[in-house]
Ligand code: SAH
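Quick setup: one chain, the form predicted on its own, written in structure tokens, and binding and motion questions come after.
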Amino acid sequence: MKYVYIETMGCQMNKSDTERMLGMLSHFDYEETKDPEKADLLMVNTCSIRQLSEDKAFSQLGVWGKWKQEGKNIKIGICGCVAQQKTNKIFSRAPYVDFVLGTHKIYSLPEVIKRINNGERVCECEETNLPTVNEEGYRINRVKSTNAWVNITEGCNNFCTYCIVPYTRGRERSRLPETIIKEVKDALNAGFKEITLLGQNVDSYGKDFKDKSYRLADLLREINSIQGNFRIRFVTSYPTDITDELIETAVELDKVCEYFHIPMQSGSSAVLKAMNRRYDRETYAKIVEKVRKMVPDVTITSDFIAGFPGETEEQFAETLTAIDEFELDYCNVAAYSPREKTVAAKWVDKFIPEDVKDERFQRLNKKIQENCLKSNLKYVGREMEVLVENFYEHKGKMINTGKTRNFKTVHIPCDKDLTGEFVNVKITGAKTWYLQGELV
């Protein structure tokens, strides 16, 4: 038995890719270890959304490279978005790396392992438009949890001026419905209670099929018809791709949760135009209003960038007012980070000073904390269904933690481990990031 350690950075898509790679490696007698010093094969699955993530990846590689130079018999690989972006340039920066595996080529991993074991150094980063190639026959080594991530689309066609994804993940590609359905059934048979359908732009599912009549709403109906008590979520949605049919389907289907993640990125129409987003503030407002009107108890979360090139103080203030106006329940935030190949990275003369970016980032975080608490307070006194995800000790008390259908985290004091169970809970209190509850 050999051991593999994979350091996974970034988004849920990367975490899902790691589970797939671990499944493939199990066919070659590799067992996962959480201890990198025990591993025969060390891999870092990288994120290139921000420079900090890229720097962290190379720092980790440097530590492993030192082990190798000291005589440790190990193989080292880099995969994910940085691998796809930098390709064989990585070998000159990190000469101790044995292979570079791009985002399009994860199903080439078994062949790559054979080649490096024969003494080759391998770079597999060519783009492919065959999303299902070599998928069959390899199980997915999922992290033990209540939720299973299932990729349904890969890549993005939007080319927002700040975003590296189209360059690292390629054009939008939809996986075949039958492949997805099988994967969902396998996850449910393995005991998972929640299925999250993943895509950089999940609402675009099916646009690239020759028969464009099969879309996300159709896929949701098929998955919803599978027997069993489980939940369905889908992320991430592009605002203008959220159709009335999709919203109606989400309401109609009993297993689809009342949760939409709708990234806005800026509250300023002028900044949105500079970002090459296909909507303005007014359009986003109409979409959110429609979702809230049609989906009772819906939670709407979003993403925002602070300090985009050329952003004025007045335009940043529009982002703060947008969070209030649209009553966004939670938001992911980031300070702008220029990424190689993107259009905005060339606007050096418009870059916001780092201290100004940081100050805006802090104000944005404060606003989100205020709104999270305001959102959570609305549920105090109500009874809600919670899917328990974790059981742990905190300050001498045993706590079950889980999610409501609308993605609210609830902490439940209870001596019994209820992980994986659906329980009814009365909400007794609200904190900034979670609700407090007791079993009914």
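Numbers for residues come from their place in the sequence shown, where the first is 1. Treat the numbers as computed from the prediction; the structure is a model and nothing was measured.
The same protein has a further form, the form predicted together with ligand SAH, not shown here; the description that follows concerns it.
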>> When ligand SAH is placed as it is in the predicted complex, are Arg20, Val184 and Arg233 each within 4.5 Å of it, taking any non-hydrogen atom of the residue?
In response: no
> Of Tyr205, Phe260, Phe304, Phe99, which residue is found within 4.5 angstroms of ligand SAH in the predicted complex when only non-hydrogen atoms are counted?
Replying inline: Phe304
> Exactly one of Arg339, Arg175, Lys105, Arg142 has a non-hydrogen atom within 4.5 Å of ligand SAH in the predicted complex; which residue is it?
Replying inline: Arg339
> Does any heavy atom of Arg50 come within 4.5 Å of a heavy atom of ligand SAH in the predicted complex?
Replying inline: yes
>> in the predicted complex, is there a heavy atom of ligand SAH that lies within 4.5 Å of any heavy atom of Ile323, even though the partner is absent here?
In response: no
> Is Lys193 one of the residues lying within 4.5 Å of ligand SAH in the predicted complex, judged by heavy atom distances?
Replying inline: no
> Can Ala334 be called a contact residue for ligand SAH in the predicted complex at 4.5 Å between heavy atoms?
Replying inline: yes
> Any idea which of 263-271, 242-250, 110-118, 184-192 reaches within 4.5 Å of ligand SAH in the predicted complex, heavy atoms considered?
Replying inline: 263-271
